[in-house]
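Below you'll find only one chain, the form predicted on its own, shown as structure tokens.
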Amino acid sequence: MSNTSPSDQSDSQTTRITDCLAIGSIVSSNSHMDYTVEIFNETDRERAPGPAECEFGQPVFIHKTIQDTEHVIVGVIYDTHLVDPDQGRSGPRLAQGDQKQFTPGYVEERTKLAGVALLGTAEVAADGSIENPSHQMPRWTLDVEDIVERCPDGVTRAFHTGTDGGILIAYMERLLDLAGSLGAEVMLVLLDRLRESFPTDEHQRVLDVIEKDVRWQSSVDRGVMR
């Protein structure tokens, strides 16, 4: 049975970051752009995220105030790992093949960890919406125990909307490199989400071109997709 109620489904369309579902907290980082998040369970939160709310390709954000200005740092879940401390203390390894190593710290109980790749930043307006999205590498380092929240579809759309109303996806090459062998797959999941948020023919044509480029790069450079 899904943990997502009808109100949660409608909330996913909101363009504001207020009252979003907290899905976990940061426990470590593998690089400036790659963070490990411990997913909340029923003992951490009364409303723990369901499987569909912290799934592969789910956009997320961290809300931080920097130099008196509110920002969101936007990322995406690109992998997960289940940890059972009773099965050994050597530490889990998420990465395979050409992926970088995913090495969270010591944990005391069974838990689910997620790898989150950062995509960019945006400023938070007074009404809780986001503005001035940037897909450049975030300058700021996140902190242990920073809360990671599920990014509503409306906010995801705003983060991918350029000043001319077109689709903005300037992080693609960086994400493909960071996520390694799963880069193409996570990018394709993001493109599927954007198809639902940008339904016009013009936007769909742009997404078609980007998808073809991702599949071509993957087949030629990585040999992942066929």
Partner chain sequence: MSSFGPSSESTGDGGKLVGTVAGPGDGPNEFFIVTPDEQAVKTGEFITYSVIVEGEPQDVIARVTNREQARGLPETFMADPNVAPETVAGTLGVPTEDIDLYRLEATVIGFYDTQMQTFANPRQLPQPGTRLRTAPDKMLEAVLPNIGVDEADARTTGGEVDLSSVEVPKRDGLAHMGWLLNREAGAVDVHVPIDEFAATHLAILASTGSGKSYTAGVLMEEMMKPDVRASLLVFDPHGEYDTLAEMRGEDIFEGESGYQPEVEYFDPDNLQIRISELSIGDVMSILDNPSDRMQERLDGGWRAMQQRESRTWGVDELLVEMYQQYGEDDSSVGALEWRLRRSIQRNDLFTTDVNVPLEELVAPGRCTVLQMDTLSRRDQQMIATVLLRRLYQARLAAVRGREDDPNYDGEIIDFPLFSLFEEGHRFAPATGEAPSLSIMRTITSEGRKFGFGLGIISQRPSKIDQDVLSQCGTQVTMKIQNPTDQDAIKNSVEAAGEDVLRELPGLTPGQAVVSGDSMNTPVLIQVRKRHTQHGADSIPATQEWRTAHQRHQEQPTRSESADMGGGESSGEQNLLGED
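Computed from a predicted model, the values in this text were never measured in an experiment. Numbering follows the first chain given and starts at 1.
Although it is not shown, the form predicted in complex with its partner chain is what the next lines describe.
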| property | result |
| --- | --- |
| The single option of L188, A158, I169, V27 touching its partner chain in the predicted complex, heavy atom within 4.5 Å | I169 |
| Touches its partner chain in the predicted complex: V206 (any heavy atom, 4.5 Å) | yes |
| Exercise: I210 in contact with its partner chain in the predicted complex, heavy atom 4.5 Å | yes |
| Option from 58 to 66, 45 to 53, 32 to 40, 169 to 177 whose residues, in the predicted complex, bring a heavy atom within 4.5 Å of its partner chain | 169 to 177 |
